[in-house]
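So this first bit is one chain, no partners, the form predicted on its own, shown in C-alpha cells.
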Amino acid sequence: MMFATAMLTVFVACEKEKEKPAASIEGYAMVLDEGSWGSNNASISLIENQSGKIENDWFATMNGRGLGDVAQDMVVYGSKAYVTVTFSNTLEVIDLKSGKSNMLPMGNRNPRYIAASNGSLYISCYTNREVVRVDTADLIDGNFTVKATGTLGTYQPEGVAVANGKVFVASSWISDENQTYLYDDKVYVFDAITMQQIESVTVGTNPQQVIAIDDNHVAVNYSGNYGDIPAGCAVINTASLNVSQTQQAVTGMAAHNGMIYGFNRSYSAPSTFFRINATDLSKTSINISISNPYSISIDPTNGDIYVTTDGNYVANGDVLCFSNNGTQRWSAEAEMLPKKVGFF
C-alpha cells in the first residue's frame, strides 16, 4: 500500500520515545477526521504534502476497522501518532512505519486533548475532570498505565499543553441540573512529573485550546459565553505565569517559530486569518479567504499553512494547503469534520 511502501525509512520503535518528532522527509501527513457525534465514523486520511493527493479512510484500510466515535485530538511524537477517541474511550497508538494501530481502552475516562513531552503523554479527560500522565514506554507493550493524575475543579477540562516542566490544562464548562451551561475562566497548571497543582491562572471565559508556542509561552483561546461575554486569546508566561491578552478573538490556532497562527470565524462576516507574535503580541494579517474554517495546522518543515473546513457539518470537509504568505497550493476533500493535520 502507498503508505507502507513510502515510509520504509521512518524511525523504528524504541524503548522510550524521544522528544524529537518522527521524520518528515517522506512528505506525508495524517488528517484526523473527527466524525459526527454518535455516528461512529471517525477516521484518518493520508495526504501527500507536495501534491495534495489524499487517501481517505486510510486508517480503516490499514487496520480493518474504523476509529470510533469522535476523534478529538492527535499528536505525532517519536515513531508513533497518538489519537484520543472521546466517546469510544480509547487511545490509538499508530506506528508510523507500518500504519498499524494498537487500540487501548481507557475505561470510561472520555479522553479529550493530548500533548507529549519527555517520554510522557498528557491526556485531559471529562470523567473525574482530570488530566493523566502516561509513559509512552508502557504503551509499546499495550499497557495503559496512569503514572500520575492532576485533578481540576468543577468544570470539564479541554486543551492541554506542556512547556517549561509544567502542564497547562483548560478548565472550560459544565452543565447544571437544568442543562444550563456554566463556564470557568481558568487554566490549571501542574508539575509535569508529579501532576501536583502549582497554580490556577485566570485567562478568559470558557477556555478551549491550549498550545505551547515555545518553552516560555503558552497560548489559550477562549470562547466566551456565546453571548455578551466575548471570545479572546491569552498568552501565559510559563515561568512567571503572568497572563497577557492579545485583544484578538481566536477560533482555532496553531504555533510555529514563536508565532500563533490563528483564525477567527464569524457567521456574519468573512473569517480572518492572522499571526500573533508571542513576545510582543503584534499581529499581522494572512491573506486567506475561507468561509467555514474548522482548524489550522502548520507544517513544521516549511511553514505551510493547512486549513480544514467543516462541510457545514453535513458533508465531507476539505483540506487546503497555503504557502506561509497565504498563496493556495492545493485543496483536497477529506472526510467528516477534518480536525487536525499531523506531520511526519
Partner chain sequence: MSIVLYCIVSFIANCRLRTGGQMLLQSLPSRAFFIVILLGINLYASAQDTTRREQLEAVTVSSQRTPSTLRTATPTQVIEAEQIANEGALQLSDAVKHMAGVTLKDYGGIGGIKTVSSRGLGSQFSTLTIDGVAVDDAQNGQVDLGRYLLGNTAYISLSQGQQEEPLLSAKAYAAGSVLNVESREPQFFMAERTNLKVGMDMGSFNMLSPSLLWEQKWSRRLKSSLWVNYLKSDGDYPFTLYYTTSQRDSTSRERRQHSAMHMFTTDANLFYTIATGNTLTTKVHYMRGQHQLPGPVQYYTQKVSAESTEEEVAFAQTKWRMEKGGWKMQLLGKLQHTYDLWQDSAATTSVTGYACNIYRQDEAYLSGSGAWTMSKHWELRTAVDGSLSHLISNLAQRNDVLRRNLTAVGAVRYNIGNFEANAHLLYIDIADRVADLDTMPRYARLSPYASAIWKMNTHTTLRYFYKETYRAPNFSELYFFTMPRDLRPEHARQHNIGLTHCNQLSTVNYQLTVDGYYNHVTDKIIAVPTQSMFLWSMQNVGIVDILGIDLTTNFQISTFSFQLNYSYQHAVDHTNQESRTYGHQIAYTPRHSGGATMRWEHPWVNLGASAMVIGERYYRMQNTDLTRLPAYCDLSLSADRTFDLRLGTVRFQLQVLNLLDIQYEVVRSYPMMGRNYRFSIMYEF
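Treat the numbers as computed from the prediction; the structure is a model and nothing was measured. Residue numbers count along the first chain shown, from 1.
If you look for the form predicted together with the partner chain, you will not find it shown, but the lines that follow are about it.
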item: Whether Tyr126, Ala315 and Glu335 all lie within 4.5 angstroms of the partner chain in the predicted complex by heavy atom; value: yes
item: The unique member of Ser171, Ser120, Ser79, Thr90 whose heavy atoms fall within 4.5 Å of the partner chain in the predicted complex; value: Thr90
item: Option touching the partner chain, based on a heavy atom within 4.5 Å in the predicted complex, out of Ser39, Ser289, Ser51, Ser282; value: Ser39
item: Contact flag, Ile276 vs the partner chain in the predicted complex, heavy atom cut 4.5 Å; value: no
item: Contact label in the predicted complex: Met195 to the partner chain, heavy atom within 4.5 Å; value: no
item: Thr202 within 4.5 Å of the partner chain in the predicted complex, heavy atoms; value: no
item: Exercise: Leu67 in contact with the partner chain in the predicted complex, heavy atom 4.5 Å; value: yes
item: In the predicted complex, segment of 144 to 152, 100 to 108, 159 to 167, 212 to 220 with a heavy atom within 4.5 Å of the partner chain; value: 100 to 108
